[in-house]
Every structure is written in structure tokens, then in C-alpha cells.
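Starting off, we have a lone chain in the form predicted on its own, written out as C-alpha cells.
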């Protein structure tokens, strides 16, 4: 008996993106089922980050549309998209280095929440990221690279987003730290959040993801379940 296909949470339909006269994305299309995880793969310069930034509203497409949770979000501003529970954690750390770990979380969670609600959200984050709990009084800038990436992820979880876009989760991290960061991302996934992951460690990305999209020179050249995509070492040759 065939398994039912989950309805799409995200649909990217024939997207073109240009930087002035230079075209960066050519007719990109893919979908992400609700509750699933997707690895966005390809060599450097393939257009992965540009496509992710277009989905989150930071770049506007010149053609095509983006459907999120059944609604057309193509023309919405980044803050309007964020309010619909689509959150992006960009490449880099994205934290306040001179503030403590708890202060970083209080700033992220305090807007629009009461003191008791903020405390509850922070405690829930500490359950997902026990390493941050251990470092809660430490200045964020003195954390290790992996811990800073965990904090950046945690700051995105003001409320459990429907979709979390993560750009280069493991960039610059030692292999043992990569294990810890991916374990944290697994916990987020278990809570029901869909994840779109751009990741240089292809094997780790595929182990984590249900589906994959492969890009080359601004085009989607392959899309489908990870189990059906074949030899990635061959596919991902620039």
C-alpha cells in the first residue's frame, strides 16, 4: 500500500532571481512537505543561499511565486514572513557577543511576552540545548563556535517555527562539535518543525534530511527523497 504524501508546507514555483542585470536563479521549483526536512545542496556559487534568502523574503524574485502554509508570500516583507512562523538562521553566528547567554535569549523572547512567558520559553530552550543551560551566565562571545551556533538556533525559537531555514550550520566547526550541533537540530525537528538545511557536509545533511534539492549554476537539477537520489559524489561535482 502506498504511503500518503504529506501536503506541502512550502512550494517554490518557477523562481527567477537577479542582482541587477545578472541573473542568479533560473526557474527554480521544489516543495517541502509539512513536518519534513530538506537538504539544499550544490557547489559553491550554485545559488543555494540566494534561494534560501528569497524564500525568507530578504531577496525578491523577478518571476515565480512562493507558497507557504497555503498562502502566497512572494511579495511579503521579511518581518511579515517571520510572523507567519518561517524563520531563517543565516550563515555566521548571529548573536550579541557582549551579552550573556540568558540575556541573548531574553532579548529574543521578551518582545510581546510577559516575564513569566519569557522564563518558560527560555527553560524550554534549555531542555533542547542543555549545553546552553550550563553556560547560561557566560558571555556569548566567549562560547565555542559550536555553542554560538546553538545559541543562534535557540534565538530563532521564540515560538516553535513551522519552518526553520539554516544556512551552513557547521561552517568552521570541528567534527566533534558538528555532532553536537546536529544533535540540537534533531531535537528541533522532533518538536515538529520542518527544516530547510544548506550544509557543506553533504553526508551529514543527507543523514538528517528526508528530501534533497541539488542546484547547479542557479538551477535546480535534481529533487526528490534522499533514498532515491543515488550517488551524491557524482551529482555534486561542480
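This structure is a prediction, so every number in the text was calculated from the model and none was measured. Numbering follows the first chain given and starts at 1.
Below: the form predicted in complex with a small molecule, not depicted.
Remark: residue 49 counts among the residues lining the small molecule in the predicted bound form, judged by a heavy atom distance of 4.5 Å or less. Interface residue remark: residue 192 is not counted as part of the site for the small molecule in the predicted bound form, having no heavy atom within 4.5 Å. The small molecule in the predicted bound form is approached by residue 45, whose closest heavy atom lies within 4.5 angstroms of it. Using a 4.5 angstroms limit between non-hydrogen atoms, residue 13 is distant from the small molecule in the predicted bound form. The stretch from 173-181, 65-73, 36-44, 206-214 that comes within 4.5 Å of the small molecule in the predicted bound form, counting heavy atoms only, is 36-44. With the partner omitted from this view, the residue of 9, 226, 222, 24 that lies near the small molecule in the predicted bound form is 24 [heavy atom within 4.5 Å].
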